[in-house]
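As structure tokens, one chain now follows by itself in the form predicted alone.
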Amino acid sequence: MPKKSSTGLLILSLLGMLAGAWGVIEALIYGLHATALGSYTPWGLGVILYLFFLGLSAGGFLVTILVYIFGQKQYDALSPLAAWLVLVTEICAVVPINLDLGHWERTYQFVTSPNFLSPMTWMFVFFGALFVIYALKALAYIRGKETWLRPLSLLSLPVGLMFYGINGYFFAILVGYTIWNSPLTPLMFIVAALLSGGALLTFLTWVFHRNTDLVRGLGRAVLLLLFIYVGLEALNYFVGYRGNRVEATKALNLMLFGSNWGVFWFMHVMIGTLIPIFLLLKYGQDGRITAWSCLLIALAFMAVRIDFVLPAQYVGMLQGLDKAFVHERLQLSYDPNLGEWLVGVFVTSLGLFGFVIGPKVAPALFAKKEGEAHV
């Protein structure tokens, strides 16, 4: 990364964290009282940000799959960068979800009194396991402990699969929310994570390695994952409509044609799907265009998470529920308040800071391997 660009992005990230710090402080002091959440819409921007950064962390999982399952050894050159990607994005994911718990200070109880029948406990277990694995991989690259790498990589395969799948399972078993309650949901979470994480990794490969061959190869993998995800998404919507369940139909109508229709049609379909598909198909041999197309996919995945989390909660589990009692916390709607947006600014800036500062604090993870082709 050019020094001038690096300095500018570093300043931008520090200013963003400074601006967003008030939202974090407010959430630490007042908990959920500082949010616009309610009894009928208990999950909002905090969960959306968690799922967004959670998906981005799967860039490391994709590299391991390519190297150890498909035998594409050339992508092993990206393993150090992928390890840093996992660490940064998991830290960004844990901040909003901890604040969204309401009592962040009680997180230790996942360790002291776990309920192994709860999917949330397993989310915590696999989240921690994946972080430790990639932290050890990063340490191995920094200290030259090459004997650690293969066993850690092989261990990350089942752990990663369970981690991304269990997050989908958590939503799939909630029978009161019809568009979540689907056997496709865990599979869609895995594919979505590989897609968004792979897209971000492709862009970072261009920024830090300038390796056109690797960028083009990752671009092809991302394009394939994008087609698979769009197919699963279309199938999920088709089943939702054809199932003739009033709640599912209403939730899908809210997503596609409701007040936030632009999130789906403009951010997700246009910016995150159609434009990248066109660019990757027509200019897939150009490393720069491939990288920026993948960045569009990664960033626009925020819209996918918004569409997944919110419309399902806008449909009452009982008809007339929102009219039985009238209170600002008893509404089938939700708009993040300023404090919640500031938390979003903070964690996004934290992620940018992590990638800008990475080459300075852990240069071994960003160094180009000997014999690697560059442009």
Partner chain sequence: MTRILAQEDPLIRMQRDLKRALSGDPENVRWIMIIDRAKCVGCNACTIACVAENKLPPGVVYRPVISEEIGEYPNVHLRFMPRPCMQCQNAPCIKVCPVKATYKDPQGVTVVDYNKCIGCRYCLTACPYGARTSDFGEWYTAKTPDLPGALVSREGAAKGYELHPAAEYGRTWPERGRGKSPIGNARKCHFCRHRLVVGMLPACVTSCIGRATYFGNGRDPDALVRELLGTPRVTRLKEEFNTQPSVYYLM
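Everything quoted here is computed from the prediction, not taken from an experiment. Positions refer to the first chain, counted from 1.
Missing here is the form predicted together with its partner chain; even so, the following discussion is about that form.
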Contact segment among 24-32, 346-354, 50-58, 63-71, judged by heavy atoms lying within 4.5 Å of its partner chain in the predicted bound form = 24-32
key: its partner chain in the predicted bound form: contacted by all of P114, P119 and G320, heavy atom 4.5 Å   = yes
query = Looking at N253, S259, Q285, Q109, which is the one with a non-hydrogen atom within 4.5 Å of its partner chain in the predicted bound form?
reply = Q109
request  = Indicate whether R150 is a 4.5 Å heavy atom neighbour of its partner chain in the predicted bound form.
outcome  = no
key: its partner chain contact in the predicted bound form: H103, any heavy atom under 4.5 Å   = yes
ask   = According to a 4.5 angstroms non-hydrogen atom cut-off, is L274 in contact with its partner chain in the predicted bound form?
value = no
Residue contact check: S333 to its partner chain in the predicted bound form, 4.5 Å heavy atom = no
request  = At a 4.5 angstroms cut-off on non-hydrogen atoms, which residues of 36-65 are near its partner chain in the predicted bound form? List them in order.
outcome  = L37, G38, S39, Y40, P42, W43
